[in-house]
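The form predicted alone is given below as one chain in structure tokens.
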Amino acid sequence: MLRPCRSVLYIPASKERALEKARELPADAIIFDLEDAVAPEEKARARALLADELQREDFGGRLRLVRVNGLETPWGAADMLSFAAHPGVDAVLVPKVNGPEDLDAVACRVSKPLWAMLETARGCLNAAAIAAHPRLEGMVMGTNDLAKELGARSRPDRLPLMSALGLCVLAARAEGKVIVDGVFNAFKDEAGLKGECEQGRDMGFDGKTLIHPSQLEVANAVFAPSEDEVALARRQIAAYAEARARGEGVAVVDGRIVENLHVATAKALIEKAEVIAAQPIAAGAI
């Protein structure tokens, strides 16, 4: 099983204090951001600072992603050169991917695995082809940019974005790739964050991108199997094993049919809980 990505925290690469603090935060993954979070006049300094920090410091078991600037910008080529084979980087996150050709343009410059930001209408419509790219390992929803391009209004239920989010989840699952939901902007609204995390979890996202460390606890808890879910999964597995021993093909647990597919889901849930619990950074895990 791949490492969990319940909580994926953006860290501006230009902020020394934020980079230092990131080593202690209970995030499953960190996006070290050279793009939107860094002012144009700070880009070169942030690149050098981040390259040095990732070379010198240990970020533990966290997945380390670097979001570079696009190749169409004055900084993209230098970003990719700096992190193409950097030992402190797990993957390069490519912004505004509209199609697999955008990944091709980066893949010939970077030896690291690639992740793709899906934040445009064209990118979401091409999600299946993007997800199928052989160098791609994960996808990140950029819901702020997507909403802007769509002209969509902000709603607690995110109804205007549902078709795009659903297309991208389908594409990721079809190709066995990781996919994480977009950010929740109101970082002081814990109830709103919890609701949006639950919505993303129920849609099939692996986790959520976050803009503030205060959001980590909620995301870690929501995207981890609960104690009740783990207990139910164990009962389903046991009941099905007993049914098969009797020569029956299905079991019944709490008034619901349990078939082989439910057992496979139950085993995957337990495995996820065990992987999370084994992490040294597993705050909020079961």
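We number the residues from 1 along the sequence you see. Nothing here was measured: the structure is a model prediction, and the numbers come from that model.
From this point on, the text means the form predicted together with coenzyme A (COA), which you will not see here.
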query	finding
Interface membership of V183, coenzyme A (COA) in the model of the complex, 4.5 Å heavy atom rule	yes
Partner contact for K15 in the model of the complex: coenzyme A (COA), 4.5 angstroms, heavy atom	yes
is_contact(K194, coenzyme A (COA)) in the model of the complex, heavy atom dist at most 4.5 Å	no
Non-hydrogen atom contact R47 with coenzyme A (COA) in the model of the complex at 4.5 angstroms	no
Non-hydrogen atom within 4.5 Å of coenzyme A (COA) in the model of the complex for each of A29, R62 and D90	no
In the model of the complex, the one of A251, V218, V230, A37 near coenzyme A (COA) [non-hydrogen atom within 4.5 angstroms]	A37
Heavy atom within 4.5 Å of coenzyme A (COA) in the model of the complex - residue from P113, G99, G204, P213	P213
Proximity to coenzyme A (COA) in the model of the complex (heavy atom, within 4.5 Å), stretch among 74-82, 129-137, 204-212, 102-110	204-212
In the model of the complex, residues of 4-30 near coenzyme A (COA) [heavy atom within 4.5 Å]	L9, Y10, I11, P12, K15, R17, A18, K21, L25
